[in-house]
Every structure is written in C-alpha cells, then in structure tokens.
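Given next, in structure tokens, is a single chain: the form predicted alone.
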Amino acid sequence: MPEADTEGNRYYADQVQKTPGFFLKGSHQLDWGMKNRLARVFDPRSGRTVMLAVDHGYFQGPTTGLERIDLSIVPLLPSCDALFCTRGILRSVIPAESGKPMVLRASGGPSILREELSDEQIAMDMEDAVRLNAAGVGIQVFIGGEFETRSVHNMTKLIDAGVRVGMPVMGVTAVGKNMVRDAKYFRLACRIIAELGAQYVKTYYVDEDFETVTASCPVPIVMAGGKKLAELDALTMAYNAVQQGAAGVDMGRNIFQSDDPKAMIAAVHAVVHKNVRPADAFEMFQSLTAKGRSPTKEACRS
C-alpha cells in the first residue's frame, strides 16, 4: 500500500478561485444545461443559495416539523432558493405550479433503526429526475464509514448519469453517528467528493479552520444546517460559513423547527445574500415574529 502524503497547509484562503465566464466556482467549463440548472439553485446576483432541506423523512420518517409538509413547508417555498426533498414528497405534496428549483435526494437504504447508516444505495433513476424537471440530485458519501467504497461508487455512477443529461450532483458529506467532525476530516471528504466529479458539495460547518475546507474544495460548498440551534446561534453559523467561503446553506431543522419558520428563513436569506450580521438578522427575526408576518423572497432582495 503506498504511503499517504502529509496533508498540505497552503490553502490561500484569502485568494478566491477564478471562474472565467460563469459566476459559480469550478463550474465555468460545464455544459450549458448543467450551468443553467446550477444558476436556478444559486442566485447569479450573489453567487449563493438558501436551500431548504426537507429530505429527513427518507430515513427518519415524520421528523418534528415535517409531519405535514403541505402545511409546514409549502408556505415557505416563496422564501427559499431551492428545495432539497425526496421524489415521493415532490410528487405527492409540492404543487406542480411551483417555479422553485427542486434538488432530489437520490440515495437511501437503512433507516434510523439501524446502527450502520452508511449501507446506502442509489435510490432513484436519473431518468426520473429529468422527468420531474429537477435542478439537481443529492447523494450521501460516507468517507471513513464502513461502506465508504460503495457510497463513493454510488456517487460516481450518479455523476456519470448526470453528465449524460446535464444534471448536477450534490455530494453530501455524511458523518454517521461516531465520526469526528473537524476541518481535517471535512477537507478530506469534500476534496474526494469534488475530485470524483460532484458539481457541488454539502458539508457541516466547524468553528476552527472552516475557510481551509472551502478553499481546498474546487467546487461550491453549501453548509448543512445540522441539529436545531437557538436562532441567533444558527444565524451566526450561517454568517460565518458564507464569510469563510461557503456558497450558501442547505438548512432544514434550524428553519422548520423554529418558533417562526417564515421569519427564520427570511433572516437566513438576509445573512446569506446580503451579508447581514447575525445580531441584525436576529433582530429582524424578532421583529417579523412580533408582527406575525415575513417578507417574500422578492421583498428581501429589493
């Protein structure tokens, strides 16, 4: 077995990777259809996205806040840039007249009842993603997990299928139940996912050296929201992530489990697209909650 090189330390996090001819990192040489789909998920004006993740039911069932997606999530559609969901939810609940881009969960297998979550397979055909007019598909990759190789091959098969039809693939760094979450691990996982062809990567934020994770990944990174935090803490995490190079967030529980999801997604939108500081965004959240209303996405951008 060849000896592994020592991990590098020259990340040049202060120098942005150039993207001649297209606004999104690492995407300037993709086909037109692929870029068009990415430009639906990522706002060309800011180069960022607020994705709303509601795919938790694919292994957790009716998660708190997702018991009735028609009542809790459909009203939030005007305020997100894209929805990350399963094809079952898309077909059964999401209104067909919605113009929002849909990114579909493409992997599945073990439920939350199983100890080993990395034993996943590709769970949808790329032809179905095209049939559903998806803007992308997402798949878990368990770097360091028991079924690491299978999950990597799942992703590369999906990428090959996506390239044939112009469908971007989001590789998701899955940490399982017992993996260490630090910058060294995420640098490794994100880079492997990007090297093997994913058009963008979803990963978790870490307080120390997150900028080295984004700098060493040649394609866009969106921050996973993770477990429910206090609203100010979640806004601070989102702000820090985009200031340190993330191209947006894919947030779920920190939005739909909030006391006021509409106010929260508006505050997250302000942080991501307008660089509003966390304290000001939290004040916005409190004000919108007190008024009992939230602006639409278009109002936020005006």
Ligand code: 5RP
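These numbers were taken from a predicted model, which means no experiment stands behind them. The numbering used is simple: start at 1 and walk along the sequence shown.
Form predicted in complex with ribulose-5-phosphate: not shown, discussed below.
### Query
Where, among 32-40, 268-276, 54-62, 239-247, do residues come within 4.5 Å of ribulose-5-phosphate in the predicted bound form by heavy atom distance?
Comparing against ribulose-5-phosphate in the predicted bound form, the contact stretch is 54-62.
### Task
Just give me the single entry in 222, 217, 83, 172 that has a non-hydrogen atom within 4.5 angstroms of ribulose-5-phosphate in the predicted bound form.
For this set of options, the contacting one is 172.
### Query
in the predicted bound form, do 140, 202 and 252 all put a heavy atom within 4.5 Å of ribulose-5-phosphate?
Verified in the predicted bound form; spot residues all in contact, yes.
### Message
When the contact criterion is heavy atoms within 4.5 Å, does residue 110 count as touching ribulose-5-phosphate in the predicted bound form?
### Response
No, residue 110 is distant from the partner.
### Query
Even though ribulose-5-phosphate is not shown here, does residue 226 get within 4.5 Å of it in the predicted bound form, heavy atoms only?
Judged by the heavy-atom cut-off of 4.5 Å, residue 226 is in contact with ribulose-5-phosphate in the predicted bound form.
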